[in-house]
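Given next, in structure tokens, is a single chain: the form predicted on its own.
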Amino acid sequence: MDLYGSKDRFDIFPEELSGRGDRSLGDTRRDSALSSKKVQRPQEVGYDLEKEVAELAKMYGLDEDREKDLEFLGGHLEKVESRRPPARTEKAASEGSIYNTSKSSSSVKDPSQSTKQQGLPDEASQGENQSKARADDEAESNIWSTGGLSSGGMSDEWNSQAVSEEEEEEEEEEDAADVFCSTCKIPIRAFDKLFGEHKDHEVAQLPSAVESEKEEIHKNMCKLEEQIAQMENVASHLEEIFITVEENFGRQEENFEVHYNDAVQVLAQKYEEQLEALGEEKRQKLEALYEQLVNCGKHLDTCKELTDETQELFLENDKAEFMKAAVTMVDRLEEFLKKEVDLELSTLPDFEERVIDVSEVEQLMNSINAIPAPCAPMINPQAPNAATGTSLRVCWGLFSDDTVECYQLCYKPVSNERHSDEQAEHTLKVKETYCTITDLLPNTQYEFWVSALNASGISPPSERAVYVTAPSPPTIKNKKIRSCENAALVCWESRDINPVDSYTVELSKLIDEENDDIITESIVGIPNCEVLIHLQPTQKYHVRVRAQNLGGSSERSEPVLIHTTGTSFYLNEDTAHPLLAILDDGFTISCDELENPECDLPVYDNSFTRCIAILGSLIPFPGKHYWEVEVEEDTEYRTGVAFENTPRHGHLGANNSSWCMRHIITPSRHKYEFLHSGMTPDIRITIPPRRIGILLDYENCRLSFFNADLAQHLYTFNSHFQHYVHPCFALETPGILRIHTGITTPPWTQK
């Protein structure tokens, strides 16, 4: 009910109106008279305000919101009342009592007014009642305004406070994030995940996200603490280095000064010696030149004397005297001219280049930083997994704090032969105390020793250590692999001359094509070149093998695919009769020769010599095993199982170490025999089988034969197999047998 828009509000405060009506009644009458026309006009045209408001609320869907708002405001009004000051609360309480009293009075007056309106339907009575209602309304407004607390003011204050409370709660609800957006890295509301911009983002629960972030922060804090500790250690070490540098500088400065003075004295002495030697050489040169100059002067004087005497002789007129003197002069001239005259210089003007020997000075200068030759290093033994098939990592150290410029590492392969010393040695120079040597042979031992070098010389060599490279990857023998529904026997061979320590088999279950390299199981410490592996039925596996030794692990071998859908085996070629041929698929045997199989043929150690037969691989798995043999109707054959030691010079089924089914063609029919120790039961088979199923049951000691095309049981041997057996096949006439392995055991074989 709207108390401020209907006639019911006129009698809300009758007590206050009666007390104050004298003061404002005249004004109220006048105002009501002026507005009577406005009130009567909508009533005359049938205007219904409440109906129109209800239609508008329904049109815009506000009727439901209004009920919620009223409930919401009701709760907040109680909160507002509880938060008011005490004086104002008392006043509101008194006014609330007035409000309640007026409401009760109004509820009493309403029936009388409605009765009066029904009894006086004329316009005069309606106008009087409307005028009275407007007058009461004006009086009520004056009472509220005079008291200082109008109903409109209280309503506005309550509404504003209620709206502010609602906005605060809405803001709190908006800010109350309960999930964490992993894409945007911010907390969000679950509503935003369902309908907001984070709809397609990955989110997590806020508590779990908080725990994850705390854990990450904790890890980073631990790393930070480790870095702090490392930096503190480095800083402490640097401080020690600073002190050591200062001490070393003082010692080196004093040492340098002493050696420098000695070097200067030696240089001065060398200078004096060289200067004295140079002066002596000068004196010798000058003396030699002076002597040569004196001899040259004497020779010139003799020449001039002879020249003058000869000229005087030419002036002699007396011929007899001339002849006497001429003979003597000629002899003197001839004797003089016979003497050789040395016209070359006795010495050269250039001085000999003198090389000053400063070796002593160099020795003194070098002794400034004189260091002793280092001690012999200590080579470390080989660390596990420190090698590959072609490389080795060698490490060594020093006993003392010797100064080392570099190391000289020597190595050679170890040989058991007598002339092992003749193996080529290799030498490397390295700066560090470790070295990785490449281009080596797999699974080969090498001998290493190392020496340290500095300016003073080379140390004695270390003791020799033997390292070994990792092995080569093994080679899996595909034709030696046998498998069944829950196991497989894998065989391989080593490619190395030297023996290895052990082998590791790695299994990868092929669920899809992407997990080819995911290792699902590893079997380590295998001493031999074969292993029996337990597998899961109806699965596919990739099997790889590694070889292990002290140096480490080899690379993985090439993978081999194994199916566990049924029993798989291969044919042993070394047991085949010479007339029997194995086709390219490895599971088809044929015989084209029409010769007598007992003719003279080369005999092999493990081959059949009389029966044209062949054995399959040993089936070393307990349980049930099934395979099939496809035959031709006009071919005579034998098929079954046999022990490893079954006689090679006899027929299959003719001894107590083999069990087989035999097909022969007689003039009247196809005859089938089930032979063991040469005996067979009397069994007639009307429909010749084209595909023979063979079921070997170790646990129940049975060997059964079936017509696989008809799912028909043919015969069963009940025999206790003391050893594991081989599948066996034989041809008695030219023809072909096709063996099918890896077949799931048919359910009809269990009946």
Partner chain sequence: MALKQVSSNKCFEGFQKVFEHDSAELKCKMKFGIYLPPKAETGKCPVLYWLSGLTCTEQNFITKAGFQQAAAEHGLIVVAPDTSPRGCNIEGEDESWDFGTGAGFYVDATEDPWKTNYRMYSYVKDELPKLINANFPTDPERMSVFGHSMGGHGALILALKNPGKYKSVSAFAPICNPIQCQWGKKALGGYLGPDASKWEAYDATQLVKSYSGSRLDILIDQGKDDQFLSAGQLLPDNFIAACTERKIPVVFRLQQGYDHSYFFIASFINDHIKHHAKYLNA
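Positions refer to the first chain, counted from 1. Small disclaimer: the values here were computed from a predicted structure and weren't measured.
As for the form predicted in complex with the partner chain, it is not shown, yet the points below apply to it.
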Quiz item: residue 702: heavy atom within 4.5 Å of the partner chain in the predicted bound form?
Solution: yes
Practice problem: Examine residue 712 and determine whether its closest non-hydrogen atom to the partner chain in the predicted bound form is within 4.5 angstroms. | Solution: yes
Quiz item: Taking 4.5 angstroms as the cut-off for heavy atoms, does residue 720 touch the partner chain in the predicted bound form?
Solution: no
Exercise. Determine the residues of 666-691 with a heavy atom within 4.5 Å of the partner chain in the predicted bound form and present them in sequence order; the list may be empty.
Key: 682, 683, 684, 685, 686, 687
